[in-house]
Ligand SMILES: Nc1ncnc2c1ncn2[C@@H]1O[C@H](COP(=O)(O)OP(=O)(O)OP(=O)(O)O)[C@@H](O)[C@H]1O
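Shown here is one chain on its own, the form predicted on its own, set out as structure tokens.
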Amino acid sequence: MAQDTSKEPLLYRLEDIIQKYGGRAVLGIDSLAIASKSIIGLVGHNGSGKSTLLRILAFLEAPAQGKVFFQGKACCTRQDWVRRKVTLLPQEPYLLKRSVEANVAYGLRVRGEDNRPDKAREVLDMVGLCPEDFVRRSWHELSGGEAQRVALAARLILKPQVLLLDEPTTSLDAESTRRIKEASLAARTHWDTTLVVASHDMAWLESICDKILTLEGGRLTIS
């Protein structure tokens, strides 16, 4: 069930956002506020702007116009401090051609942070993959659902302030779908992580989201 986040401080504020690709406007958001610790759902047809919005929220691309505020500060893609607080799980995440453990711990190594093996084991357990069975398994030995869960574990190990999920359960088996949902919700429970989820699974979104945003032609409406 969704929590009451009405009294939580604002985490994001977007103002007068326009994004263009090849001169064509694909996203237009006059105003959007996202509270800390909230769960926001994004729905809409393919090409409606969901992935573009997630990439802007992840500071992976800058809008053509407008401002993105994070914790009250105007931010851009060049600021490492804010990008370290946010992580995005794309619909088809890329895995390194290495072991599961190496994939999960990669982000910590890049950041120069402590990457003790027990950290990888903890998040593998969160996504329902037995560490003893998976830490030494190679990337090419994983099923589609297992690969998606490893990719999520690689984000969870960072204990992100914001977790952005782009169709995280599309075409997955029921067990992987359940595990991904449970692990994502556990991030808010354990670390007060804010979640923004683009998904066609309306039943799940309606059961957990504080707010559901519908994108149509790059424009937002609130359910």
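Here the structure is a predicted model, which means the values were calculated and not measured. Residue numbers here begin at 1 and follow the sequence given.
The following text describes the form predicted together with the ligand, which does not appear among the structures shown.
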Legend entry - The single option of Ser38, Gln161, Thr177, Thr52 touching the ligand in the model of the complex, heavy atom within 4.5 Å: Thr52
Legend entry - Position in contact with the ligand when the complex is considered in the model of the complex, options Ile56, Val26, Ala187, Leu172, heavy atoms within 4.5 Å: Val26
Inset, instruction - Choose from 189-197, 44-52, 153-161, 66-74 the stretch whose residues reach within 4.5 Å of the ligand in the model of the complex, heavy atoms counted. - result: 44-52
Inset, instruction - Could you confirm whether Ser138 comes within 4.5 Å of the ligand in the model of the complex, counting heavy atoms only? - result: no
Legend entry - Residue contact check: Gln91 to the ligand in the model of the complex, 4.5 Å heavy atom: yes
Legend entry - Any residue of 152-183 that, in the model of the complex, places a heavy atom within 4.5 Å of the ligand: Glu167
